[in-house]
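One chain comes next, on its own, written as structure tokens: the form predicted alone.
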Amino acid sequence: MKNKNKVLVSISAFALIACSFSVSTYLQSKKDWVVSESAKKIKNPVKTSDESVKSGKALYAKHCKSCHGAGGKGDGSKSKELDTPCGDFTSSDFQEQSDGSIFYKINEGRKDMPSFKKKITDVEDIWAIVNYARTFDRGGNKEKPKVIVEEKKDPKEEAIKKTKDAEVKKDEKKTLVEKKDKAVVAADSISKHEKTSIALVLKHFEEALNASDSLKIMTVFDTNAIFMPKQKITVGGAIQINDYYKQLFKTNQLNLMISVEATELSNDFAFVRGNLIGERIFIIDNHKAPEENSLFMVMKKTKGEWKIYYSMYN
């Protein structure tokens, strides 16, 4: 009999413990979902609009509807399988929460409510769900965002504004054209100046040829210049060019004119195409022979001065 009483006492104690555990679990599930003050104060960066609500509705249907129900009342097809009630989104308790609180709960999750921060990686999508959840409101949410309604504009004011905008654009276009014109004029002025400088160097070259002055010729060539005389070996460097003309002037007297047909500028280089026309006088017997050659030169600007960098004629 004593043993039987002991068994009954043990069973009663076990039942009491089990009951206490069930009650504790139930009460625990009923506790408020604590959200930090900082999370509550987070402002919704996604404005409520037809587009954001439509996007939120699609995401809600995909991730939330099965538990929370089509109308947000917590009566979805899977809600009965859960240990924790889904809650009613149409209730004032839910709608009186801040947007930050709702966002936090969707993002972080708790118990049966999963965390969506890995499932929905774009936070703007979660905010869109918050905007859609606000459409379930029945009692008037005190933080409910207002859908932005486009303000009606006065047709007369719009016409005046369009006229002013057109005038501003016209003035801007005119200013831009004037700036371009000035830039073109400035570029043309620089180009004209450089071409004049190049023509002056070629004039010095012409004078040196006709004066049989090899030293003066040396001054119009770049130190590392290349000269390709007609039917002669290529000469490199100003000193060798000086030696070439020194030998030429021992047997020839030149009477030539350099004419320029075209000059193209490219930064510190210029490409010159022209003609070398005149006569050659042979000193040995003083007889004359006509000279007419096509001329091509590359000029190089070094330390602000143009020099002949490459020269050939035929």
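Everything numeric in this text was worked out from a predicted model, so none of it was measured. Only the largest set of C-alpha atoms that superpose within 1.5 Å between the two forms is called the rigid core. Each residue number is its position in the shown sequence, starting from 1.
Omitted here: the form predicted in complex with heme C. The next part is about that form.
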item: Exercise: residue 106 in contact with heme C in the predicted bound form, heavy atom 4.5 Å; value: yes
item: Any non-hydrogen atom of residue 114 within 4.5 angstroms of heme C in the predicted bound form; value: yes
item: Contact label in the predicted bound form: residue 220 to heme C, heavy atom within 4.5 Å; value: no
item: Close approach of residue 49 to heme C in the predicted bound form, 4.5 Å, heavy atom; value: no
item: Stretch in contact in the predicted bound form with heme C, which is absent here, among 64-72, 39-47, 270-278, 249-257 (heavy atoms within 4.5 Å); value: 64-72
item: Contact check for 198, 216 and 238 against heme C in the predicted bound form, heavy atom at 4.5 Å; value: no
item: Residue (of 202, 209, 102, 225) lying close to heme C in the predicted bound form, criterion heavy atoms within 4.5 Å; value: 102
item: Within 79-115, the residues that have a heavy atom no more than 4.5 Å from heme C in the predicted bound form; value: 82, 84, 85, 86, 89, 94, 97, 102, 105, 106, 110, 111, 112, 113, 114
item: C-alpha of residue 92 off by 2 Å or more between this form and the one not shown on rigid core; value: yes
item: Is_shifted residue 226 between this form and the one not shown (CA, 2 Å cut-off, rigid core); value: no
item: Core superposition between this form and the one not shown, C-alpha change of residue 119 at least 2 Å; value: yes
